[in-house]
Ligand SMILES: Cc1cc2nc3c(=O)[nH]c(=O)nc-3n(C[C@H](O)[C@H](O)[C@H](O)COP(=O)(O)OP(=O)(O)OC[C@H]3O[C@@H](n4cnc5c(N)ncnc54)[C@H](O)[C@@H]3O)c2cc1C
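Take a look at this single chain, the form predicted on its own, given in structure tokens.
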Amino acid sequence: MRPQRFDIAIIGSGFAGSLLAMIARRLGRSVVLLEKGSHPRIVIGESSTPLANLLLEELVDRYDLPQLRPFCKWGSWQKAYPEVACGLKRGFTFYHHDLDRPAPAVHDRERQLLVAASPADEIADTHWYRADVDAHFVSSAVDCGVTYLDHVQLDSPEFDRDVVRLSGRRGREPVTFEADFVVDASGPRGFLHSSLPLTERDLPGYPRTHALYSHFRGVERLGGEDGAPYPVDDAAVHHVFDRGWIWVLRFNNGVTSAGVAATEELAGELRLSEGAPAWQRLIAALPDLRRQFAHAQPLYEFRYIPNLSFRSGQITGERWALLPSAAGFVDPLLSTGFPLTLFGIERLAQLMETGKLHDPGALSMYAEQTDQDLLATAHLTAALYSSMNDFQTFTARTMLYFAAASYSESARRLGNAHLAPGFLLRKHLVFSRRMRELAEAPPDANLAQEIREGIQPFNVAGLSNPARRNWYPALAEDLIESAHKLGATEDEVVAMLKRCGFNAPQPVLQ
């Protein structure tokens, strides 16, 4: 039988692979989307951010995918797709714990950090229940004309001069496909990484980390904080302790995602490889979580990941490329997975659009940008891991992330993306140099002040303000007062906020 021939073959049908497949179809390419498993399935990586939502908005608008636009905000998602489960994410909630001297952290303002990402539920971020979301994106890809096949077990690809041949089996039937270009969207250490095979590189200065996680039913809410910027549970909740942290993400179908990431040393002490018993011992040592998980039941066997972080030694080659999600992974601590992946989709889509998908120089640039984004993320995350035993230092260093992320989103929404080059402003010479210095600076009494001064030209969210005592609401006033930092007038910022559904006051007349 003659192999089916396609312009693009995409391996892996998570939301990223399906989204890129839809974009390629809109650009007139024939696409086959190949999946070794089937949907629905559980995967890690579930939390969006304002920047991720904006990148998704830009992609669906540019490539005429209006059916996906509701996924950019909680309110529109609930109206358009109530059957697709997700969680309400109003911000980032952090609590600090001491495993040696466990005591409740909730209601202790000195051991809290609350950073709002939105002022209201309607325009809030979301946690993606990937079992539902990925299945929906695959269905949308098929509706766009993508050829989709699941349960496909592929052999190593064969690269001829003008084609890539993918052979394997689907059930008992042999299958063969030919493609002009292959994109691997199958995740860390995925199809191309293992079959070519590719080398794996270190993340300089980053600790080896392990993870253990599951989904649960019956997880209680932590409870309210009077005057807090948002309900503390409606967020990406982080319980931080020396050398590790626990995440808790609530979905609107009664399911909660929870897990722990820890350095190799702590993972050994906690015996994370034991699975459920290790989780129960850890939860029992933390009063707040012991109460919250008292009646919780895991929905499947705990999944243990012994080497969480990953960096591929090669990201592109002749007729192939890895999406960022397959090229590397750091940690879910700052919810960076979605924006990193969407930046990569944006870059590959531009190569398709401009006819440069086979241009060695363009592919090399894509690989460099993908790797540099990963390294910038790893550098800051490593600094946070090193200060998890000192919450004051940890909190100060998170301001580097929140300043870069909020500035980048605001600048892009105002049409001034050139002011915020690279993820975490890594290509901004002033900010990137100062971020590295401050992330590596010794934790002393002056660090918080030095970070406050360092982020000042990019601080559009009132961050590092001691008067706010670690509670940072999403305020229109902060953005309006920072209009000059964004290359905009106050009127332009007000107009932008209104477009986003942010109830903004009128600027004060001078």
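Position 1 is the first residue in the sequence shown; the rest follow in order. Remember, predicted model here, so these are calculated numbers, not experimental data.
This next part talks about the form predicted in complex with this ligand, which is not shown.
Contact with this ligand in the predicted complex, judged by any heavy atom within 4.5 Å, is made by just one of 27, 43, 476, 448: 43. Comment: this ligand is not present in this chain, but in the predicted complex one of 329, 407, 74, 95 has a heavy atom within 4.5 Å of it, namely 329. Picking from 55-63, 478-486, 459-467, 30-38 the stretch near this ligand in the predicted complex, with a 4.5 Å limit on heavy atoms, gives 30-38.
Under a 4.5 angstroms non-hydrogen atom cutoff, this ligand in the predicted complex has residue 339 among its neighbouring residues. In the predicted complex, none of the heavy atoms of residue 435 sits within 4.5 Å of a heavy atom of this ligand. In the predicted complex, this ligand sits beyond 4.5 Å of every heavy atom of residue 9. This ligand is not shown here, and in the predicted complex it never comes within 4.5 Å of any heavy atom of residue 403. For the three residues 15, 47 and 247, a heavy atom within 4.5 Å of this ligand turns up in the predicted complex in every case.
Contacts with this ligand in the predicted complex, taken as any heavy atom within 4.5 Å, map within 169-187 to 185, 186, 187.
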